[in-house]
Ligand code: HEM
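Below sits a lone chain in C-alpha cells, taken as the form predicted alone.
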Amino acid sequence: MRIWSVGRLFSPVVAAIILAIGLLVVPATAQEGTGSNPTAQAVNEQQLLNELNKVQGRVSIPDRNAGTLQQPQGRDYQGFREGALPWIGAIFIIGMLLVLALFYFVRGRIRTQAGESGVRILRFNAMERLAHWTTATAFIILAITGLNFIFGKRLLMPLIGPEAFSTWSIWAKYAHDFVAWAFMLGVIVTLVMWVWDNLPDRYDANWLKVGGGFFDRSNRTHPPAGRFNTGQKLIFWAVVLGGIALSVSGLFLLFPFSFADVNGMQTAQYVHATVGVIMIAVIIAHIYIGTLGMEGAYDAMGSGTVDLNWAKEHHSAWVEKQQAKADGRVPPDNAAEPAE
C-alpha cells in the first residue's frame, strides 16, 4: 500500500520529465533528419547587393527613388564624405595659410620701390569693380556655408551646441542655394569682361621664369606685364574654370534627379566638394596678394585707380599702352622693358 502511494506521487513528475526531454530532442532530430535550415532560404543584404547592385524596397509616395535603401556607390561616397574630404579640405586650406605665413615672414610685404608719384591712373572702372565684388562676396558666403557642411559638426557644433548649430545650418543651406545664382552670374560676367586680357602673351614666359619678382628680397626684379600679369591670369582661369565646375555640379544638386540618377548626383558631390576646397585655397592666396602681400594692390579694386609708379613696376606694358592711347600714338614693339 505504501509502495503504491509513492508510485502515484512520482509518476506525474516522471511523465513531465520525459515530455520535456521529448520536446527538446524531437525538433533537433527532425532537423538533422531533413537537413533543412529555416533561415537558409532568407535573402540577406549582401545577396541583394550582388544581384541588384542595390537594396531596394517598395514605397507608396510618388518619389520612387526613396525606395532605394542602400547601394555600393553610396557606401563609397559616405567614406569619401566622412573620411577623405575633411582631410583634403584641411590639407589645401591650412596648407595654403601656412605657406603664405611663411612667405610673409621670409619675404615681407612687396612695396613700391620708387614710392608714390602722386599721379593716379585708372585701373578698373565701376562696372568691373561691381562685377568683381559681387562675385567675391558671393564666393565668400558660399565658402563659409560650404565649409560648414564639411567641418561644422566637427568644429562648430561642440562650441555652440546642437540646437544653435541646427538653426545655423538651416540658414546656411538657404544662403548657399540662393547666393549660388549671384556667383554663377558673376563668373559669366567676369569671363566676358576680361577673357581677352587674360589670354597668353609674350610676357608670360619671362614672368614665370623670374617668379614675378616675388622672391627677390631686394625688390628690384619687376618683369613686364600687360593689364594682367601671369599670376593674375592663373587666378582668373582658376576662378572661371573652377566656377564653371562648381556651377554645373551645383545645378545637379539644386535640382535633385532632374539631370541624373543618384549615382550621377554623387559624382556631382565629389566634383563640387573637391573643386570647392581647392578654390578656397586659391582665393586665400589671391586675397593675400591683393591686401597684405603687396602695397598698393588693393587700390585697384578699391578706388579703381593706382599710383603710376606702382603700375609701371607691376604692369609696365599696360602702362605704356595706356599712355600711348592718351597721347594718340602707337606704342613701339619693344615697349615696357623690365623696370630695374
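In this text the structure is predicted, and so the values were computed from the model without any measurement. Heads up: residue numbers just count along the shown sequence, starting at 1.
Omitted from view is the form predicted in complex with protoporphyrin IX containing FE (HEM), to which the following refers.
J.: Please pick, from Thr112, Thr190, Thr145, Gln266, the one residue with any non-hydrogen atom lying within 4.5 angstroms of protoporphyrin IX containing FE (HEM) in the predicted bound form.
T.: It is Thr190.
J.: Please tell me which of Phe151, Phe214, Trp133, Trp168 lies within 4.5 Å of protoporphyrin IX containing FE (HEM) in the predicted bound form, judged by heavy atoms.
T.: If I apply the 4.5 Å criterion carefully, the residue I get is Trp133.
J.: Please name which of the stretches 252-260, 229-237, 77-85, 102-110 has residues with heavy atoms lying within 4.5 Å of protoporphyrin IX containing FE (HEM) in the predicted bound form.
T.: Single hit among the candidates: 229-237.
J.: Tell me, yes or no, whether Ala300 is in contact with protoporphyrin IX containing FE (HEM) in the predicted bound form, where a contact means a heavy atom of each within 4.5 Å.
T.: Contact with protoporphyrin IX containing FE (HEM), yes.
J.: Please run the contact check for Phe124 against protoporphyrin IX containing FE (HEM) in the predicted bound form: heavy atoms, 4.5 angstroms, yes or no?
T.: Taking the distances in the predicted bound form, the answer for Phe124 is yes, it comes within 4.5 Å of protoporphyrin IX containing FE (HEM).
J.: Just to confirm, Tyr203 within 4.5 Å of protoporphyrin IX containing FE (HEM) in the predicted bound form by heavy atoms?
T.: Because no heavy atom of Tyr203 falls inside 4.5 Å of protoporphyrin IX containing FE (HEM) in the predicted bound form, the answer is no.
J.: Is Ala311 a contact residue for protoporphyrin IX containing FE (HEM) in the predicted bound form, using a 4.5 Å heavy atom cut-off?
T.: Ala311: no contact with protoporphyrin IX containing FE (HEM) in the predicted bound form.
J.: Since the partner is left out here, which residues of 278-302 would have a heavy atom within 4.5 Å of protoporphyrin IX containing FE (HEM) in the predicted bound form?
T.: Met279, Ile283, His286, Ile287, Gly290, Thr291, Ala297, Tyr298, Ala300, Met301, in sequence order.
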